[in-house]
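Below sits a lone chain in structure tokens, taken as the form predicted alone.
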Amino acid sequence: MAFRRAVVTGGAGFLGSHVCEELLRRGTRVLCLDDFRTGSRGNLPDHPALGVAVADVTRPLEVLGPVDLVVHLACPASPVDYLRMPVDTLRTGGFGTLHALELAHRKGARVVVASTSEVYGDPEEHPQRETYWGHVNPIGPRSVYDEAKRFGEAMTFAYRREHGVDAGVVRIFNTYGPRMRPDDGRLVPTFLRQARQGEPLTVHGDGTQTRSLCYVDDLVRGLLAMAESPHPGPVNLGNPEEVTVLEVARRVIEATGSTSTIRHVAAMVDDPRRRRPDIGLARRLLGWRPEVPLDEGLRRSLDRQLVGWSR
């Protein structure tokens, strides 16, 4: 299925820029909407079919001309950002999702709303299936992101039911790759930055907490497969290979050839102990599964970032 023109909110961010790039490669004209608080113009390719506009998704989105796909990615996604901007994160998850859905409704477009594995909180079900309702602390410091995404999902399904909007939700698990800011607080870029600078890799808690890390190219394939599907979701997108944080640190040291050591620091508040997606639904509905192993993804991230990360 070929889309003629897509709007990507948060298109200058880490994931958004990769989505824009892949849509352009497939022949789709793309309009990137971003307020550039956490994204960068340097993430975007110089392409004649790419338009860029400064936009705050918490305000109504005015887009001229036809649109047949909206990909809603705008939201602070790293702990550093959403803890620094807690109210704005909630506003983006609420009003931002509302305005992306309104745009899709007006244009008669398919809209894919990016949710997150954080809706499962510190899960009591393992691995996490889409039918699991989650175990979230609604007033903890992380709740501004978790609850923003949970509300965004509720808004999306309300628009499907009340207005017939062709909307789908994907729940994105930990994703990594080129263009992540080294200071954004997420696991892989933090470890890569520390290893390349010869600093100790800081592991929160005892490091036995697990994550499932998906390379960005795999994630983008899954997201666009969801765009081409009529399914409402939610659909988990992530790598079902589960690794401990301590193991990720060791693999980063090996991949970089660093002499860094590992230093344990205080555990983070409400940090999930286990995180692993059940991707059976994505396999059946989208024919999707991740293909890039962690060690290969780390090498690709390093090879494509030898001159440093873009802001």
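Remember, predicted model here, so these are calculated numbers, not experimental data. Numbers follow the displayed sequence, beginning with 1.
Beyond what is shown, the protein has a form predicted in complex with a small molecule; the following relates to that form.
Interface stretch in the model of the complex with the small molecule - options 122 to 130, 142 to 150, 99 to 107, 191 to 199, non-hydrogen atom within 4.5 Å: Residues of 142 to 150 come within 4.5 Å of the partner.
Among 286, 245, 55, 63, which has at least one heavy atom within 4.5 Å of the small molecule in the model of the complex? By the 4.5 Å criterion, the partner-contacting residue is 55.
Which of 256, 38, 28, 260 has a heavy atom within 4.5 Å of the small molecule in the model of the complex? Result of the distance check: 38.
So, 112, 165 and 229: all three within 4.5 Å of the small molecule in the model of the complex by heavy atoms, or not? No, none of the three is in contact.
Evaluate residue 116 for contact with the small molecule in the model of the complex, applying a 4.5 angstroms cut-off between non-hydrogen atoms, and reply yes or no. Residue-level check for residue 116: yes, a contact with the small molecule.
Contact label in the model of the complex: residue 203 to the small molecule, heavy atom within 4.5 Å: No - in the model of the complex, heavy atoms of residue 203 and the small molecule never come within 4.5 Å of each other.
Contact flag, residue 92 vs the small molecule in the model of the complex, heavy atom cut 4.5 Å: Residue 92: contacts the small molecule in the model of the complex.
Using a 4.5 Å heavy atom cut-off, state whether residue 77 contacts the small molecule in the model of the complex. Within the cut-off, so yes.
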